[in-house]
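Next up is one chain by itself, shown in structure tokens, the form predicted alone.
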Amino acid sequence: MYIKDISLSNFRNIAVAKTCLDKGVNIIYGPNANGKTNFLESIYICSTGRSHRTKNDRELVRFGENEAHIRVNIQNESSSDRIDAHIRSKDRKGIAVNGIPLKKSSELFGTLYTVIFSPEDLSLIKDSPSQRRRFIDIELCQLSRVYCHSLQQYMKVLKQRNNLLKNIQKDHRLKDTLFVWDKQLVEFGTKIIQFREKFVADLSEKASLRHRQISSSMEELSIIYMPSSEGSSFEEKLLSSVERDIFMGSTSHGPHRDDAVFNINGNDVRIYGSQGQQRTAAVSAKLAEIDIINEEAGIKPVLLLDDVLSELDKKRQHMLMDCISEIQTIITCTGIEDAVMSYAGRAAVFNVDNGVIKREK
């Protein structure tokens, strides 16, 4: 899978742009705050239906304009697809695939597979559990519509249950209706736990192989899924924590409180690892993402590297570039780092200046 071209209109600071991309490495360089990340963000929106930077679509529309448009043409081995995103500052965005409007943004998953890697992802290990859950959820939503549906339903039920818990504080007679939401929470939550358990086990196996490559087999990485509740005990924990949940006005057990632990040589990297080890573990996890998509979907995803090379030392830069040579990669950077210099001769190189994207010869 690769992106043939992308057209933008009034997207953030980019007024108008049409860019044809190469199948291999594409280097987008220029000063900060000129539109490099905006370019990657537009691709990510056409992959997942949402931005990785903001929840407010209004921020995606160029200042002074009411609408923004994105069009991406994708080529697979035997087929091609077109994704159109119509973003409105005062209304919900609309997304269409091959001219057919989607009822929900989640229906977009599986059309364009991407893996995005930004400086924030290097903090995946030491950040809060919510960041690791988001990492797992985004990948699983790309791979399984069943998971995506279960997650959406779970979050809706969780919101309803939490609202009811707050109302029970005022009227305890409502407690008798809690079982309605508990039943649904267990139903969708159990599916989520099963999917995550399998995914993290697969991620751990593949990330371990990648980590050995990067660390020259000197370190052993493992990733352990830490569910708030095991599938078999989820209902039991909900029942046992009812009074506490009513007092707190929130649900204390369930997949919304899951986590994952990254260990190197048996030690928790978040606590005992150096910054270099934490970043290497994050790189390994991202590379494992690519391997999982390739194995599960039979497609090599598009890799978006958002100014991440400048955050890595030279050894990790070269290791990362060596591992991604066979997939379409779009790299943003302020200048052409040494790690990509060897690719510059056969890569497509683009300069971004104040929202204007120009291909260099």
Ligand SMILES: Nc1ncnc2c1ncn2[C@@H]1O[C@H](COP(=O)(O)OP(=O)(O)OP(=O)(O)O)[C@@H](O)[C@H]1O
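Each residue number is its position in the shown sequence, starting from 1. Fair warning: this is a prediction, and the values are worked out from it, not measured in the lab.
Absent from the display: the form predicted in complex with the ligand. The rest refers to it.
K.L.:
Using a 4.5 Å heavy atom cut-off, indicate which stretch of 311 to 319, 297 to 305, 60 to 68, 43 to 51 touches the ligand in the predicted bound form.
P.N.:
Contact-bearing stretch, as computed: 60 to 68.
K.L.:
My question is simply whether residue 32 lines the interface with the ligand in the predicted bound form - judged by any non-hydrogen atom within 4.5 Å.
P.N.:
The answer is yes: residue 32 has a heavy atom within 4.5 Å of the ligand.
K.L.:
Just checking whether residue 328 would be counted as a contact of the ligand in the predicted bound form - the rule being heavy atoms within 4.5 angstroms.
P.N.:
Residue-level check for residue 328: no, no contact with the ligand.
K.L.:
In the predicted bound form, does residue 351 come within 4.5 Å of the ligand, counting heavy atoms only?
P.N.:
Flag for residue 351 set to no.
K.L.:
Counting only non-hydrogen atoms and a 4.5 angstroms cut-off, does residue 13 reach the ligand in the predicted bound form?
P.N.:
Yes, residue 13 is a contact residue.
K.L.:
Note that the ligand is not shown here; using its position in the predicted bound form, name the residues of 275 to 289 with a heavy atom within 4.5 Å of it, in sequence order.
P.N.:
Nothing in this stretch is in contact.
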